[in-house]
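Just the one chain here, the form predicted alone, laid out as structure tokens.
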Amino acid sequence: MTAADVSRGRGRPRDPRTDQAILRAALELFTEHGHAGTSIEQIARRAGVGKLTVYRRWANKDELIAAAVESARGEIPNPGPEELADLSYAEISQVIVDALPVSARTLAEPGYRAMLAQVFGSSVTHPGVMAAFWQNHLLPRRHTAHLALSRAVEEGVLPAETDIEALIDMAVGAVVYRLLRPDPPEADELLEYLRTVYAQAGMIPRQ
């Protein structure tokens, strides 16, 4: 345990409202100005707390921004492996279909797209930010997609030689490319695009 860990463990219990205010401020500033343009001082000022309050919770700026990126997942459903393990292709694909409207609304938000651009821009200089995004935003949905495609192969919906990892990469790449274009889609348009891409990749049945 580090000195920072010991320090954060002392005193009064942490107020979750303060945690949320700091995370919200960190996410807003990171989205607006990027990693280099964000400081602990700015975050504390926007959150209405002192710098010491921030440092009691996060050891440094990288750790705090990574936590803020983790918190930005919003209402996108995230079913666990145990919920999907025994489901058929049809059942898993229905879970994906049901999640698409919320996913489209979240992904279409200008703030989310701006955060996405900042995360990608920080991936080389501050890989911890990208790691947080991968772990909390991409990996859970990648697991669901992998399970759906595996079931599709097992049930003969897709050919036995299907490269599942390549299919997922192509689907994710298509969605990210669409989000970062100069003419970003509205939620309804993005929902139709997600349905098309996922169906083409075999994650959900084609209509």
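Numbers follow the displayed sequence, beginning with 1. Every value quoted in this text rests on a predicted model; they were computed, and no experiment measured them.
Note that the form predicted together with a further copy of the same chain isn't included here; everything after this is about it.
Partner contact region in the predicted complex: 166 to 174, out of 64 to 72, 51 to 59, 38 to 46, 166 to 174, criterion any non-hydrogen atom within 4.5 Å of a further copy of the same chain. Though the partner is left out of this view, Leu138 does reach within 4.5 Å of a further copy of the same chain in the predicted complex, counting heavy atoms only. Contact check for Thr162: a non-hydrogen atom falls within 4.5 Å of a further copy of the same chain in the predicted complex. a further copy of the same chain is not drawn, but in the predicted complex it has no heavy atom within 4.5 Å of Ile204.
a further copy of the same chain is not shown here, and in the predicted complex it never comes within 4.5 Å of any heavy atom of Glu28. Of the listed positions (Ala117, Leu87, Ala108, Leu100), a single one reaches within 4.5 angstroms of a further copy of the same chain by any non-hydrogen atom in the predicted complex, namely Ala117. In the predicted complex, the residues of 95 to 128 lying within 4.5 Å of a further copy of the same chain by at least one heavy atom are, in order, Arg113, Ala114, Ala117, Gln118, Phe120, Gly121, Ser123, Val124, Thr125.
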